[in-house]
Ligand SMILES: N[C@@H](CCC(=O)N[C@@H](CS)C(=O)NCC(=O)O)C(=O)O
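Before any questions on binding or motion, here is one chain by itself as structure tokens, the form predicted alone.
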Amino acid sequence: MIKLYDFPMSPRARKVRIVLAEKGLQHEKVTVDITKGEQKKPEFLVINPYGKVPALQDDGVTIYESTIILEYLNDQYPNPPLLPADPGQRARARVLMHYADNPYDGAFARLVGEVLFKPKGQADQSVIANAKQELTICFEHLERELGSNDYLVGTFSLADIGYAAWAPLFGPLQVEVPTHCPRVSAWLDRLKTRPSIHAAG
């Protein structure tokens, strides 16, 4: 059986949970409490030497790094497919996944560090302001990428998942989609209605 090393509040682990739900894959969850530093314990470092969640084991294969896990699951369990068949669109999906993993994820990670992990009143407001400005740039980019599509590459795919995974933290981090990005707002609302995203928490 698939074993997922998980932390419920981790957006990167949530990405994997979404794919598992989309594909209807039964799995065992092993909670690694990152608030207690369990991801740095020697027994977990054997599984993921980077000391991060998520990690996944499947039939003797161990994978870490969330996006690589997503691609593995899509390759190993191809139905329903979560990447386009067309090579050009498939490449575009991967570019958008890379964008989610870098500027988008990075800006959110800085917000989490300031807003959720620092004692009240000690957050660096300049870091928060810069991160929110970076997110505005990301939302504007996604507005253009969406065009008239319901999802980033036409149908729901791995390209959408990295963005959906952060949505539950918009409220706690006081992130709002700018009013001049209505397609992004509609897309995020659409993603929230998917059973897999609801199931992933």
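Keep in mind that what you see is a predicted model, and the values were worked out from it rather than measured. The numbering used is simple: start at 1 and walk along the sequence shown.
One more form of this protein should be noted, the form predicted in complex with this ligand, which is absent from this view; the next part is about it.
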### Message
Going by heavy atom distances of 4.5 angstroms or less, which of 65, 134, 58, 145 would be at the interface with this ligand in the predicted bound form?
### Response
65
### Query
How about residue 34: is it within 4.5 Å of this ligand in the predicted bound form, going by heavy atoms?
yes
### Message
Does any part of residue 52 reach within 4.5 Å of this ligand in the predicted bound form? Heavy atoms only, please.
### Response
yes
### Query
Though only this chain appears here, would residue 39 touch this ligand in the predicted bound form if you measure heavy atom gaps against 4.5 Å?
yes
### Contact flag, residue 12 vs this ligand in the predicted bound form, heavy atom cut 4.5 Å
yes
#### Entry: in the predicted bound form, segment of 44-52, 22-30, 149-157, 172-180 with a heavy atom within 4.5 Å of this ligand
44-52
